[in-house]
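One chain is shown next in structure tokens, namely the form predicted on its own.
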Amino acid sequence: MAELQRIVNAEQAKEQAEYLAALKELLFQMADDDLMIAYRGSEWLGLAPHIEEDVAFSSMSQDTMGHAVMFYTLLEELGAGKADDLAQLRDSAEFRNTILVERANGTGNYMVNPHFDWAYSIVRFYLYDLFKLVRLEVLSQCSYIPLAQVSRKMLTELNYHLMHWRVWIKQLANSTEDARERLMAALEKVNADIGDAFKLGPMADAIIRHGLMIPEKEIRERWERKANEAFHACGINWTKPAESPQLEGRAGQHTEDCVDAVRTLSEVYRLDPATSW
């Protein structure tokens, strides 16, 4: 990343229109990614394979939701609107999350016939968190100091999450033939979507030029090295994901799963946004 001026606070960022727009775009992507994946994690409450995993998954989802709050709060400081409103009053087409995080956990829903796919969730969370690791490592040195500071804080928690998912990947890979087949099917399903995560959206050039993030190709290459090493260590022949995903979440293209998730997440808040809960 080129040497650029460091922006120390929101007021300084507001003095540069293009910088402000690029920063907001990137923050929406990160906030929406974490909000959506944390929601999908929360849906496993009471449904995980055993009670210890139930507690662990809930705790990590809470951490991730906390990260989303930090990003939305940075947006609020930049004048984008109230953090709670940004998370719960926008239409699904305004969300900038990647398709990968919005996919349902399986068929049914939390309240009615939830037939969720455990292997898919493990692979999705692991590969998403590896992607998040790449992104946070870059952001910890980015030009916007408040974002660099929160990114360094998140890295500590994220490394514990990765350790947890790594144990599950090893267990599934070295368990029964059925477990391994489910793991491989999950990997193929995740690979179909994750190419969208590396996109930086319509303001990609400005995001890179202002020292907020590295180019998409480099993000992808760093992630591929980490993913390849991780799965090779488990005896799995990892294959690269598709280059061009069918939908681009960074451009506001989403599935019906996203529409349902936004509706559910905001159902109570929309009853009276002015109320303190």
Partner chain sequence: MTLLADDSLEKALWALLEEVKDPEMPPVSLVEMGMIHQVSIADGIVAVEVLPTFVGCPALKLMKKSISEKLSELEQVREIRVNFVFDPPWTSDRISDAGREKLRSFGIAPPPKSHKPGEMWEVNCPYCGSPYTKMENLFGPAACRSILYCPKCKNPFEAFKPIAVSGSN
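Only a predicted model underlies this, so the values are computations on that prediction, with no experimental measurement involved. Positions refer to the first chain, counted from 1.
There is another form of the same protein, the form predicted together with the partner chain; it is not shown, and what comes next is about it.
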Would S59, D63 and E157 all count as contacting the partner chain in the model of the complex, using a 4.5 Å heavy atom cut-off? yes
Answer among 159 to 167, 196 to 204, 174 to 182, 96 to 104 for heavy atoms within 4.5 Å of the partner chain in the model of the complex: the stretch 159 to 167
Report the residue, out of L75, V150, A119, C142, that has at least one non-hydrogen atom within 4.5 angstroms of the partner chain in the model of the complex. V150
Just give me the single entry in L47, L247, A242, V55 that has a non-hydrogen atom within 4.5 angstroms of the partner chain in the model of the complex. V55
Should I208 be counted as a contact of the partner chain in the model of the complex, where contact means heavy atoms within 4.5 Å? no
My question is simply whether M70 lines the interface with the partner chain in the model of the complex - judged by any non-hydrogen atom within 4.5 Å. yes
